Ligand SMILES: Cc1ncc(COP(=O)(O)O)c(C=O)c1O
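Just the one chain here, the form predicted on its own, laid out as structure tokens.
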């Protein structure tokens, strides 16, 4: 056993230089650089950091609170709540909006399956609606799917493309429904000049490695209503560390309930702050590269560029080509991929992808965590269950089956954009394939 002096040195600070060096090692610096950094840090190391979301001591930075305030300002809303993922953000939002047994929630048939499966997690019934050619929720089909049991709408801004939020909000107001925006794939995008995620009751964002901003893992909920903000806090931290007086009785019925713990750490928030500072530059570069590519695409008899609810508001992460039929889309998709262009069909009967509803066995098969089958068998649900099937949203399957997405990177240079446009143009004249290139993905 170490003596008392050594124990004080080893354990006097719960988190010290060793932990910081492990974090820095993620940046894969050379060993010599790591040694120099460690020497500098050890010389100036004073206090163990505070990494927990709450109870930040005086004199220590509260990076989570700073991140929330910066994000709320960016989104143009009074409240932002940092959580550990967009999945957590969606579930907390559903809970805050009072969604539960006996309720239905409408979700588009084109989204990552979590947007639908999280409704089941909230013990409600997911109702799938068609998309239109903007690749987002079709307002006409949305209104058709509303019943007296509908409680909320999840509007998903897929692949950087804004939903028709004016129509969706008009329908929601007419039927007194909550709106949750899934903005996981469109952080920084807008609709008619307004930040995506600021239209509905709750806006949900993702910061995993595949999104526009990343903390490794993380999410944010944006809100305008203080009571919903309070309920989201209660769900994401049922330990009640967020409350001014943690152990006090609830100040208003519905403030305290059995929730989860989805807190974001100070480390993730610190990364989020640095990422958020880059957001405008990232979006500007994405849109610039998107416009460069589109400007170089010649008019074609085989395809057209998919329309947008607001071209200026797109995040710019993709350009989608819609072909006359699925066969032509399949050929073009294969040719573009073979040429090294970062691209892909949005739906294929031969390629499993959880972004398209025919592969949502979780929903179609009404799979649940226990054999009782709730919420699909729940006695509180008095409606008629949707007839889930792989062909229940035929228009969505048709649109996606004819669509090929070209993925845009903010790192593209002018030459990359020209090469992508040339490859797309070659689809028209070279059905057997496109010469290979090297475009950064």
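Numbering follows the first chain given and starts at 1. In this text the structure is predicted, and so the values were computed from the model without any measurement.
The form predicted together with the named molecule exists for this protein as well; it is not shown, and the discussion that follows is about that form.
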item	value
Region of this chain that lies against the named molecule in the predicted bound form, out of 191 to 199, 178 to 186, 128 to 136, 161 to 169 [heavy atom, 4.5 Å]	178 to 186
Triple contact flag 86, 90 and 112 to the named molecule in the predicted bound form, non-hydrogen atom at 4.5 angstroms	yes
Position in contact with the named molecule when the complex is considered in the predicted bound form, options 206, 222, 317, 236, heavy atoms within 4.5 Å	206
The unique member of 142, 81, 156, 105 whose heavy atoms fall within 4.5 Å of the named molecule in the predicted bound form	156
Any non-hydrogen atom of residue 287 within 4.5 angstroms of the named molecule in the predicted bound form	no
Residue 218 within 4.5 Å of the named molecule in the predicted bound form, heavy atoms	yes
Touches the named molecule in the predicted bound form: residue 211 (any heavy atom, 4.5 Å)	yes
